[in-house]
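Here's a solo chain for you in structure tokens, the form predicted on its own.
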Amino acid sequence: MQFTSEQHLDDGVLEREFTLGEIPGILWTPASTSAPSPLILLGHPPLGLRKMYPRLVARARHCAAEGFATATIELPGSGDRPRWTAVDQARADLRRAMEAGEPVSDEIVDALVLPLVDKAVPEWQAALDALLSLPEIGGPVGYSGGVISIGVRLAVVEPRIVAAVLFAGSFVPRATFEEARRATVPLHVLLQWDDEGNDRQPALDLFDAFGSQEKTLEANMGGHTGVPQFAGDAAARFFTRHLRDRPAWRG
């Protein structure tokens, strides 16, 4: 991991951009802590870090106020990373189906999401290796955000992640429902009931499939980007319960 820039935001949060091989990312750490901070990985849709930055930094600052470090990475095929022809084709097929008012087939969803999950999850794990080697990051680790299929895979295969807040509102492949049955970490799922681009039923079915003994679904009225502040506050309390009172990850 190589840090390429740093700045202190006006609330004292330290923001550092980094690269991990070809993967860009951003790390935010609280202004002052007496011990290494727990870490929350901030997931996001494949729209590019620059486009997502205002929403990501707002989430990071909110987490820093609770004593958590946060980090995110650029997803494959997004932002300044090389284009990914197969996924670009799947996105084009998705747009054509939606513009024609046709159902989005399982084949389109699988082609759009599964290759992204397969490539992004090992990259998140490599980033986690590097982040946990920093003296200011001590774990434990949570995951917060989307793409929900990436969050599900990480919750299943990455033992260092002990809790997850998952953002519903993305297409869900059939294979993700089977993976969800193997999830055991505590989960808090946020669903916007009137999401204009996504059918809520798959999100409800996915929540039902999760194998976790502790799982909460918080559904609020409003569109895709209209998550109310109190829902974010509830997610912060969820992480406080599950990250603050656990020991740091020791490998």
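Each residue number is its position in the shown sequence, starting from 1. All values reported here derive from a predicted model rather than from experimental measurement.
Keep in mind that the form predicted in complex with a further copy of the same chain is missing from the display, and what follows is about it.
Chemist: Given a 4.5 Å cut-off on heavy atoms, tell me which of 198 to 206, 42 to 50, 59 to 67, 22 to 30 is the interface stretch with a further copy of the same chain in the model of the complex.
Modeler: Flagged stretch: 198 to 206.
Chemist: Just checking whether Asn220 would be counted as a contact of a further copy of the same chain in the model of the complex - the rule being heavy atoms within 4.5 angstroms.
Modeler: Output for Asn220 is yes: heavy atoms within 4.5 Å of a further copy of the same chain.
Chemist: Look up in the model of the complex whether Thr184 has a non-hydrogen atom within 4.5 angstroms of a further copy of the same chain, and give yes or no.
Modeler: Close contact is absent here: in the model of the complex, Thr184 is far from a further copy of the same chain, nothing within 4.5 Å, heavy atoms only.
Chemist: Classify Arg16 as contacting or not contacting a further copy of the same chain in the model of the complex by the rule of any non-hydrogen atom within 4.5 angstroms, answering yes or no.
Modeler: Taking the distances in the model of the complex, the answer for Arg16 is no, it never comes within 4.5 Å of a further copy of the same chain.
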